[in-house]
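Heads up, the chain below is alone and in the form predicted on its own; it's given as structure tokens.
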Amino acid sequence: MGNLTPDLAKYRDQARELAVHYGLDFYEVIFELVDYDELNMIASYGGFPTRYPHWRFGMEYEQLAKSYSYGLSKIYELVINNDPCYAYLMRGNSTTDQKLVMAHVYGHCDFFKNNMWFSKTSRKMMDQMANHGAKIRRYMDRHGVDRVENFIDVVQSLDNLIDVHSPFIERPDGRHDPIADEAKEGEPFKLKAKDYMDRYINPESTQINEEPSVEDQAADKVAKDTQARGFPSRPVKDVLKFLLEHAPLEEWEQDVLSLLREEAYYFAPQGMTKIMNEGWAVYWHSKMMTKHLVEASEIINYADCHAGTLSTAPGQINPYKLGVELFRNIEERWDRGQFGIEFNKCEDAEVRRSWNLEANEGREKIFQVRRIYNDVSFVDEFINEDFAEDQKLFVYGLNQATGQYEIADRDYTKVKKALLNSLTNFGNPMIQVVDANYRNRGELYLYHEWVGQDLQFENAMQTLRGVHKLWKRPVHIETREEGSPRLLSFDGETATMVEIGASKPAEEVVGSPGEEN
């Protein structure tokens, strides 16, 4: 399958056999050979060439094309989490590069299939993206390109307001979000439907003007009690889902919001495992290339490409470098038995360095780590002082006198804390819906879970404007500024910030922005 040349097909088969030999487990991988223009186009669509049309993808294509033309960047590989997996190779790459990329891709495909955080993603997303694109094109034909595209703009600006853990949470009704399971035994049969369409597809009553049943009366009482307590009854982290179910949207808007939310959940695990995923792929391409695939005449080219992949500037984190070094460190530690109660109690630095019980559990351990961790837990559990010292994970600062970056602090815990903050929720603020009837006016009240980092107020206001376009009524968000409580509000015309407890606005934040396209 695919359009590889005979030589590339031979290298692909060699890489696949090696991957199987090393214990990697993956779906079928289809490699497609494309030129740089096609690869830039596919990359601009997030790897899905049949995706819905939108101006943002055109802008991303222009940026990629110019960056390639000016020699500023180059895409070596692009692989899609799907069954089968699709991977794209650039025609202009050298044979050495193509070997490296194919070995790298098999590492990614193993990670996609076996990492827990990808277990709830659709494995037929290539087909689903095509279906999404067809639906949105029909809506554009029916309601106008500008109207649909403007709505997509709003949703894209809010697509990080999801709960990335919700697919793993079993709901009281026995379902998982965002995909509904089959009905449980003893429950009435229900057709599969998205949550916001369920009341239409599976109406609770099919009789007209019938007397409410005892069950219906009880449900009505529960609904009224819930309203009296407040709505929602508990904070909702998946803001998009809440808007999908309760905002006054037209049916086509509900459908588009549902499709884009589904795509946001598909891409979320990639953001949650960037360091691990890239580190795992580098680990395996390095092993397969150096031990099996590289010929003597290719050593220099391979070393140059591999070094470029792992290069890191002071004060920055390269996920490829950090990921592969951490996997190698874990393997070495578990091979030498540098884990467990006795090792952790040892405070003699020399003894710790020479500690070797010949446990030989490293390969088994890294496969276990690949299966159950994400970047946050990976970094939190396995970066220790020894690793930080070896990798020079220090706090860097710019020396104004010399103009050079220098080590400002050797406390690795500060780097680790900053790294964990940047990885938690992708570095985005954690926002929840806490009241959909604020002040008994149908206004939406959001809460920012403040953990020491203030909101960027202009970004927060942009978010409020986007939510307002869907909710159609004033929107508020409670947050903190340097520890002091603040309430940011947007009523459709004016954005304000007030101190919570103050009787009047502390300041106008952005004045009267009006409506935007």
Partner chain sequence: MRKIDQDHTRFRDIVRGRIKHDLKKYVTSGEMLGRQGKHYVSIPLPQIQLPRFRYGDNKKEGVGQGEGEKGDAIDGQESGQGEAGEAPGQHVLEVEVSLEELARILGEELELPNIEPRGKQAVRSTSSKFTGISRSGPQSLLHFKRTFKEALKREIATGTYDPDDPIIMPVRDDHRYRYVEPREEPQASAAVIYMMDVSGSMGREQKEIVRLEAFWIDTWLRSQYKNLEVEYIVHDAAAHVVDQHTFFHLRESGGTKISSAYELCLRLVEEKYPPSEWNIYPMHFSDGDNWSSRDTERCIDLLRNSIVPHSNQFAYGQVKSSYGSGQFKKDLDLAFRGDDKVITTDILDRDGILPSIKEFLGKGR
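Here the rigid core means the biggest group of C-alpha atoms that line up within 1.5 Å when the two forms are laid on top of each other. Quantities reported herein were computed from a predicted structural model and do not represent experimental measurements. Positions refer to the first chain, counted from 1.
We do not show the form predicted together with the partner chain, though everything after this point is about it.
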| Close approach of Tyr27 to the partner chain in the predicted bound form, 4.5 Å, heavy atom | no
| request: Evaluate Pro49 for contact with the partner chain in the predicted bound form, applying a 4.5 angstroms cut-off between non-hydrogen atoms, and reply yes or no. | output: yes
| Do Leu464 and the partner chain come within 4.5 Å of each other in the predicted bound form, heavy atoms counted? | yes
| field | Distance check, Pro248 to the partner chain in the predicted bound form, heavy atom within 4.5 Å | value | no
| said: Suppose contact means a heavy atom within 4.5 Å; in the predicted bound form, does that hold for all of Ile169, Leu444 and Lys469 with the partner chain? | reply: no
| Candidate stretches 356-364, 78-86, 316-324, 93-101 - the one whose heavy atoms come within 4.5 Å of the partner chain in the predicted bound form | 316-324
| task | With the partner chain left out of view, choose which of Gln254, Asn384, Gln128, Gln156 has a non-hydrogen atom within 4.5 angstroms of it in the predicted bound form. | result | Gln156
| query | Which one of Leu293, Leu419, Val434, Val164 is close to the partner chain in the predicted bound form, taking close to mean a heavy atom within 4.5 Å? | reply | Leu419
| task | Residue by residue through 433-462, tell me which have a non-hydrogen atom within 4.5 angstroms of the partner chain in the predicted bound form. | result | Leu446, His448, Val451, Gly452, Gln453, Asp454, Leu455, Gln456, Asn459, Ala460, Gln462
| Asp141: with the rigid core matched between the shown form and the other one, does its Cα shift 2 Å or more? | no
| Displaced residue check between the shown form and the other one: Glu481, CA, 2 Å or over, core reference | yes
| said: Ile299: after superposing the rigid core, is there a C-alpha shift of 2 Å or more between the shown form and the other one? | reply: no
